[in-house]
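Quick setup: one chain, the form predicted on its own, written in structure tokens, and binding and motion questions come after.
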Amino acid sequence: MVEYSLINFKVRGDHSGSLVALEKGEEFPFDIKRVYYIYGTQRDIVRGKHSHRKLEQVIICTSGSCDFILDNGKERTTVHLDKPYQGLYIKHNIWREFTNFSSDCVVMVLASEHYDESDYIRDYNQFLETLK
């Protein structure tokens, strides 16, 4: 089974709207060292197509929806993200691709490490080799 988890963040709000705060030590599995977001992606584009050697991520679809395809080298599973209060927690050594973007999709990624190209595995066959 592909290992991942969905984290439901605490939502605060009233008639004027909702707020989700992500804080160290509160519901969050690692210290956040990098945040980035992706938007304006066409529906059928496939993004990601990589794994990480040590980086962990929590991915939140803050607007709209998309699908994450997760692969541990033995099996694949698809996770549909469409709730701005829910984060997809992915550890290292999981191949990830995402697609099926709604026109209003905004994906925010919170990462455990700063950007480091040497942490990426961008070739699927190399990914499979690192798992052995």
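Numbers follow the displayed sequence, beginning with 1. Computed from a predicted model, the values in this text were never measured in an experiment.
Heads up, the form predicted together with a small molecule isn't pictured, but that's what we're talking about next.
- Under a 4.5 angstroms non-hydrogen atom cutoff, the small molecule in the predicted complex has residue 98 among its neighbouring residues.
- Although the partner is absent here, residue 39 lies well away from the small molecule in the predicted complex, with no heavy atom inside 4.5 Å.
- Contact annotation for residue 64: none of its heavy atoms lies within 4.5 Å of the small molecule in the predicted complex.
- Contact between residue 122 and the small molecule in the predicted complex is found at the 4.5 Å heavy atom cutoff.
- The single contact residue among 74, 34, 54, 43, judged by any heavy atom lying within 4.5 Å of the small molecule in the predicted complex, is 34.
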